[in-house]
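Taking the form predicted alone, here's one chain by itself in structure tokens.
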């Protein structure tokens, strides 16, 4: 039965792409999806897709009349996706110097080729979303434009037993800058966001992603990043929703002096499984990457951090740092960390570390001895653990919003655990 259901989803994707010519990017991508990654695939060993592969799912046909559900919009400029389709009627007019377009078939084929040159070429979201996306949306900031408006990208919609496939291309041309927050609020059984981000020389991007999908949703997010000379990307992800959420990012530092901060938090309860997987490729000299991941787990949840830093032989004077820390609030919760360094250069500063444990007894005793009840003392320490990470990763103007989102997820766990 398991294998027939797997084949059923593969067939549904093929049926979706039958309407297109063989040389269409969707038809080409479809040929590369043969099955879900199995437990023998090392990169998926800690995040198995057995339960997903047993679900009966088919790609959604977007409802272009569906209204938006996400409230508490915080951006001055909104870009809206519903059922994986860009909705101009729900989106804002963009400022001068920022262009949004739907890629033509030939442009979409070039997008496919760029993703296929990366190590995301065999990721299921690459092949499936490029097979089933309504269209590839490109957001461009032209040369020398410093965007003052704060952009918010909303992804929502979907239906049970359907998969949703938003595909986005963000391009910052030379010496441009942009700040964006992306919020994932889907109701589908499966969401597979695919994104390509390219930063030109001296371009700067501040990015926040908040994963808060329905409690039954599987979200398999794939993101490919290319950084050019002296470009800068500050990225922060907060994973708190979905029964299974995996955010996988591959970043290529292709220009000297490029800088990357790739931080994240996962807050997991019940039987949730949250996974932050990253791969950072230092291919030229004098680049810097920093990565800090923190997790809080309760119930029977599981968390995963897989972080790889690869330094090419000629990428001298590389500075690559990784650190992962997780706190377990339940004896039934578990965290897995797999930091990895692959270094072929000799003039580098690289380090990684990972810790998994409970709250510090000495800190708890200190607060308790000064009249703070034990339950409150533990809550204070957990919030401080998260806020320290948010302070390092998020601009002051968005700190309160992001911390509140983290607090909401944490409160759901705290009420079900003995703190």
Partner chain sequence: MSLLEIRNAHLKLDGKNILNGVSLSVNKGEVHAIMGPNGSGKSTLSYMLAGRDGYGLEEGEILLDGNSLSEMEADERARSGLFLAFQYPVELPGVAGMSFLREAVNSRRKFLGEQELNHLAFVKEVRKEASKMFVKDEMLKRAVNVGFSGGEKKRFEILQMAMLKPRVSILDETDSGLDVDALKIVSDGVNDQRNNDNAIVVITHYQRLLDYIVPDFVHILSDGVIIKSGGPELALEVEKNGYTGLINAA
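Residue numbers count along the first chain shown, from 1. Just so you know, these numbers come straight off a predicted model, no measurement behind them.
Form predicted in complex with the partner chain: not shown, discussed below.
Judged against the partner chain in the predicted bound form with a 4.5 angstroms heavy atom cut-off, the residues 362, 371 and 381 are in contact without exception.
At a distance threshold of 4.5 angstroms between non-hydrogen atoms, residue 367 is in contact with the partner chain in the predicted bound form. The shortest heavy atom separation between residue 376 and the partner chain in the predicted bound form is within 4.5 Å. Under a 4.5 angstroms non-hydrogen atom cutoff, the partner chain in the predicted bound form has residue 388 among its neighbouring residues.
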